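In the block that follows, a single chain appears as structure tokens, in the form predicted on its own.
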């Protein structure tokens, strides 16, 4: 697999690097970032945390704003951050921020024109880890986490593929997208009007019927402007209660949807994942 290094920055004795590559899954060039902790420079393979960002974001938001490198370096865990959608002049798009480029929703689109490129579920699940594990000193011990739309994606990936992930966590995830305006709009465009197919990408519905468990941590700010209409953590809590899922959901007074919230609690998430990755 051919990849091109776009940038590199030393950080806490590790390296943050950006790369581009042609994605066979998405039929376009894609960019991703990787933080390699200092332990990786010894040739030892380190476990991997895959971060999925939210609407309008790229790989840069998390790597620059989350303050994750110091703890990742301490713990010896790599962080891989893909983009949030396919990119390119011939990739379908929409004028709104919540559909098209920057808003892939981590689904495999079935409807034209989106289905030509928007296969983010398979990209994050298969192609990107295969690439990362073949090029970098990164092992197949994986966990996944994300924010908002990315929190939705992380939960769905772990719930549908418990054999591939050691743990999952999310900040302010879209927990019940089949009942949220963001989810209804995206799923109608990408998946069509058959709402039964939407259930494959709804964390609350998946958790409700889960029989294999991946330890899950969710943090939600109580001052989040999207809390009631879009995020619906209460649906996830009810689903976990019904199936006995090992979910820890923390609510935090005064915190909003921003990276100030993420940076405040990122260390707890990294330590949570490291505990399971190193078992």
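The structure displayed is predicted, hence computed values, not measured ones. Positions refer to the first chain, counted from 1.
What comes next is about the form predicted in complex with another copy of the chain, which does not appear here.
Enquirer: Taking the partner as it appears in the model of the complex, which of 124 to 132, 162 to 170, 67 to 75, 82 to 90 has residues with heavy atoms within 4.5 Å of another copy of the chain?
Expert: Residues of 67 to 75 come within 4.5 Å of the partner.
Enquirer: According to a 4.5 angstroms non-hydrogen atom cut-off, is residue 8 in contact with another copy of the chain in the model of the complex?
Expert: Result yes; residue 8 sits at the interface with another copy of the chain in the model of the complex.
Enquirer: I'd like to check something about residue 244: if you look in the model of the complex, is any of its heavy atoms closer than or equal to 4.5 Å to a heavy atom of another copy of the chain?
Expert: Result no; residue 244 lies far from another copy of the chain in the model of the complex.
Enquirer: Taking heavy atoms only, is residue 253 within 4.5 angstroms of another copy of the chain in the model of the complex?
Expert: Heavy-atom contact with another copy of the chain at 4.5 Å: present for residue 253.
Enquirer: Do residue 22 and another copy of the chain share at least one heavy atom pair within 4.5 Å in the model of the complex?
Expert: No, residue 22 is distant from the partner.
Enquirer: Is another copy of the chain close enough to 13, 63 and 260 in the model of the complex that each of the three has a heavy atom within 4.5 Å of it?
Expert: Per the other structure, all of 13, 63 and 260 touch another copy of the chain.
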